[in-house]
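Single chain ahead, by itself, as C-alpha cells, in the form predicted alone.
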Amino acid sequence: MRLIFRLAWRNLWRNKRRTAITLASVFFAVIMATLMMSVKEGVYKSMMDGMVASYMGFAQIHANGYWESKSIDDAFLFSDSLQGVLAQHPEIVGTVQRIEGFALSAAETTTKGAMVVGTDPEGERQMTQLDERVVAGDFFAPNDQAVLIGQGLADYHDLGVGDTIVLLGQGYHGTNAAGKYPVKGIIKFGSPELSKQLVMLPIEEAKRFFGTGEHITNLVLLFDYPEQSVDIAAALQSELGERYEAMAWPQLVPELVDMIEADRVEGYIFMFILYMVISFGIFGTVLMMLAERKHEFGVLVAIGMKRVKLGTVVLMETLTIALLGAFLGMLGAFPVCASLYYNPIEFAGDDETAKMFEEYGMEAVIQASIDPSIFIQQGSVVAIVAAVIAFYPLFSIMRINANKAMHS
C-alpha cells in the first residue's frame, strides 16, 4: 500500500499544472463554503444570544395557559413542592423569578407601550450577565426603587440617567398599577425590539407595582449546559402535570427557530450547487487525466501490470489531491473566519443593512463562527465527493483494452 501511495504522489506532480488547477478549485471552494457556513452559524448564534441567552432563558416554567394569555392574572406561587421537583434535576443550577406585564410608559411629551419586567438582579447577573449590557448609568440593586430601560425606549422618550419615567397599567386581578421611577441605567440588548420596549424593575418593587404579593409569572431555569434544556423541560412537564407548563426555548421563540431552519435550508441549497461545481471540476480533471494517460495505461496493462493495482494507484491520486485541497482549504478558511469572529462587522443605525437586521429583531452585527465542526464538515463533504468520483477511473481501467489504448 505504501508503494501504491508513493506512485500516486509522484504521478500527481508529473503534470504540475493539472494538479495545481485541481488543488486551487478544491481550495477556493472549501474556503467559500466554510466562510458562508461560518457566517451563517455566527448570525444564528447572534440571534440566539439576542433573544434567548440575553433575556428569554433556555427554559421557563409558568402557570398553565400563561404563555398563550400573557396575562398577569395567570401568576403562580413558587411553592415548596415546585422547588422539590426542580431539586430532583441536578442539571438545573439555579432559577430566576420574574414578573412580566405591560404598561404605558410616559415621559414629558411622549407615551409608548412598554413591557415591564420585574426580576432578581443577582439572578440576572448569573444568567444573562445583564449588568454587562448597561451602556449608561448603573445596574440596579435588589432594594432599589428605580428602573433600567432599553436604549431604544430611552431614545424614544429622550431620557437619560436620572430622568423620571411614569408607568401606568393594570395589576393583578384588576388592581391599578401606577408608579414614577428614576432611570438608574440604560441597557442595550442584542435584539433591537427588546431595547425599544423593555423596562426592568427589581422583583420586590415589581410585586408592589403589580400587586401580585408573592406570586410570579415566569420562573427561568439556569443550566450549565443549555443543550440539556429541551430534554429537561420535557421531563419537568411530565412531572409537574397540568397545573404548570415547562417550556424550552424552541417553544418560547418558535418564530426564531422557524427562521433559522428556513435559512439553513436555503444555505443547503446553495451548498449543494457549490459542491456540484466542485464535483464537476474534480470529474473534469479525472477525465482529462484518463485521456492524457490512456496510452500509458495501455502499455502498463500490456506488460503485465494488474488492472486492480493500476486502478488503485489512480484512485489514490484522485483521493490524495482532493483531500489535500480540502485540508489546505480548511487551513486557509480559518484565518478568514477568525478575523470575522474577533473583528465583527458592525453597521450604523441609519444604514440600510442595519435596518434590515432590525426588521428581523437582530443586532446589526456580522460575526463568523469558529466552531471546528464547520471546518471538518466542509472537508468531509469534499472527501466523500472525491471518493465517489475516484471510482470512475478505477472502473474505466478495469475495462481498458490494451491494444486500442496503445494505439490511441
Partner chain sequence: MKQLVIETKQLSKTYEGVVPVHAVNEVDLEIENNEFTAIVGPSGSGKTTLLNMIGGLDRPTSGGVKVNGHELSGMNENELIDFRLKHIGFVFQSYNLIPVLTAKENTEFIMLLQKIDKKIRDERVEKLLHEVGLGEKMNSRPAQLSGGQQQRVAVARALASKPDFVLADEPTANLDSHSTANLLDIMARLNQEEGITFVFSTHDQRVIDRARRVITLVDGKIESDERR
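In this text, the rigid core denotes the largest set of C-alpha atoms whose superposition between the two forms falls within 1.5 Å. Because the structure is a prediction, the values reported are computed rather than measured. Residue numbers count along the first chain shown, from 1.
Beyond the structure shown, there is the form predicted in complex with its partner chain, which is absent from this document and is the topic of what follows.
Looking at Ile186, you'd find every heavy atom of it more than 4.5 angstroms from its partner chain in the predicted bound form.
Remark: Arg17 does not count among the residues lining its partner chain in the predicted bound form, judged by a heavy atom distance of 4.5 Å or less. Within this chain, Ser25 is remote from the site of its partner chain in the predicted bound form, having no heavy atom within 4.5 Å. Shown alone here, Leu300 lies within 4.5 Å of its partner chain in the predicted bound form, counting heavy atoms only. Between 262-270, 96-104, 210-218, 305-313, the stretch whose residues reach within 4.5 angstroms of its partner chain in the predicted bound form through a non-hydrogen atom is 305-313. Site annotation in the predicted bound form: the residue of Lys112, His89, Arg125, His295 reaching within 4.5 Å of its partner chain with a heavy atom is His295.
Once both forms are fitted on their core, the CA shift for Gly160 between the shown form and the other one remains under 2 Å. Relative to the superposed core, Gly304 undergoes a Cα shift of 2 Å or more between the shown form and the other one. Once the rigid core is overlaid between the shown form and the other one, Lys16 does not reach a Cα shift of 2 Å, moving by less than that.
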